[in-house]
Ligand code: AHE
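Listed next as structure tokens is one chain, alone, in the form predicted on its own.
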Amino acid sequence: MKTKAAVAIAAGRPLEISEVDLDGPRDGEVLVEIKATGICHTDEFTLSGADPEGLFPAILGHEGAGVVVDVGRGVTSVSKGDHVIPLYTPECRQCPSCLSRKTNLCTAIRATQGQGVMPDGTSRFSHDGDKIFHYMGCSTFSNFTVLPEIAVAKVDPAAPFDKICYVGCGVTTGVGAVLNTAKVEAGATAIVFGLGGIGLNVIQGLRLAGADMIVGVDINDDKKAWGERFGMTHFVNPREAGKDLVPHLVNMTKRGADQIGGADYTFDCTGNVAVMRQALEACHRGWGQSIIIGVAGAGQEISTRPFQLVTGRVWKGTAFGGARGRTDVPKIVDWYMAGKIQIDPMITHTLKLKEINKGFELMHEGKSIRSVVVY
């Protein structure tokens, strides 16, 4: 079949809108009509050429929502007409990682996913007979896409596509980092570094968990109002604190008889390795946890004095917020439908496919929280 798609021809070049060929689903696969897709910083990271796993030509996009229009042999968990969210972190429920219950990092199709192909080693996308790579196993910048059955989550059919597509990455990553990875308890203090799309979802995850003090850190003062909208209690612009940012944060998180200070939990949503160190060192000695969410550039490394860890601070990373896709994503959609979390305010721009490059421009200019393309 033919499908309209935004194709990444090469690193650093704008996406090109074209009609490409898409083969139907094979055994264990589903064909999904994507109704809406978000434009995420990870897509930009790959398009820029900074992603060491980036392949071209490819159809990017991993934050989508749509309808199943066909299924291959052996598919039992979804049917034609089901509303689904593609999962760049699948959940097979059978591999050692899934069975361990210690991680959400399913390994069933990781190797082929990283190679830009389906589990059988081939691509479903092509143009004039030339292969086009899949991206993160999703390729939601195409109106139609094919995914493994284990990489789609069936969700409430009443949920609006142009909002819940954001659950495919940003919402789940932010909220999940709080609830699944850090397991924040009621009454905790927390600091969130970077108040973009992920950081705001961390904030609303902290509010959901019952955190008492939620400090947002961002160099853009305009983010103060955004943070407060989702539950932030204090705001700090690091340019005003200068080199004294960490001592400033430690001091402001002193409470009652505790004269040590430091947050119970900190979250890096920037991908900046210097900020990652600040986030760790702003933790409370003895028990503070710092969660790395942001993706750093290829080859970059993090560092701190070992004393920071010897005295009880913990450095953790999280992918997809520790969420098990087919199990947890439907729950998060239900939370949205029940009004427990907000998504609508964060969808700041709605675009057509032909305007997709504008979405990347808005991201670069800091003018959007999330741009969504509606097919």
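The first residue of the sequence shown is number 1, and the count goes up from there. The structure displayed is predicted, hence computed values, not measured ones.
Quick note: we don't show the form predicted in complex with the named molecule, though the next part is all about it.
**Q** Within a 4.5 Å heavy atom cut-off, is Cys40 in contact with the named molecule in the model of the complex?
**A** Cys40 belongs to the contact set for the named molecule.
**Q** Does the named molecule come within 4.5 Å of any heavy atom of Asp70 in the model of the complex?
**A** No, Asp70 stays farther than 4.5 Å from the named molecule in the model of the complex.
**Q** Is Leu55 a contact residue for the named molecule in the model of the complex, using a 4.5 Å heavy atom cut-off?
**A** Residue-level check for Leu55: no, no contact with the named molecule.
**Q** Does Trp226 reach the named molecule in the model of the complex if we count a contact as any heavy atom within 4.5 Å?
**A** Residue-level check for Trp226: no, no contact with the named molecule.
**Q** Could you work out which of Ala279, Leu206, Cys169, Cys138 is the residue within 4.5 angstroms of the named molecule in the model of the complex, going by heavy atoms?
**A** Partner contact (heavy atom, 4.5 Å) among the options: Cys169.
**Q** Ok, Arg110, His248, Lys131, Lys154: which has a heavy atom sitting within 4.5 Å of the named molecule in the model of the complex?
**A** Only one option qualifies, and that one is Arg110.
**Q** For the interface check, one of 42-50, 25-33, 324-332, 342-350 should have non-hydrogen atoms within 4.5 Å of the named molecule in the model of the complex; which one?
**A** This holds for exactly one stretch, 42-50.
**Q** Can you list, in sequence order, the residues from 83-106 that come within 4.5 Å of the named molecule in the model of the complex, counting heavy atoms only?
**A** Heavy-atom contacts within 4.5 Å come from Tyr88, Thr89, Leu105.
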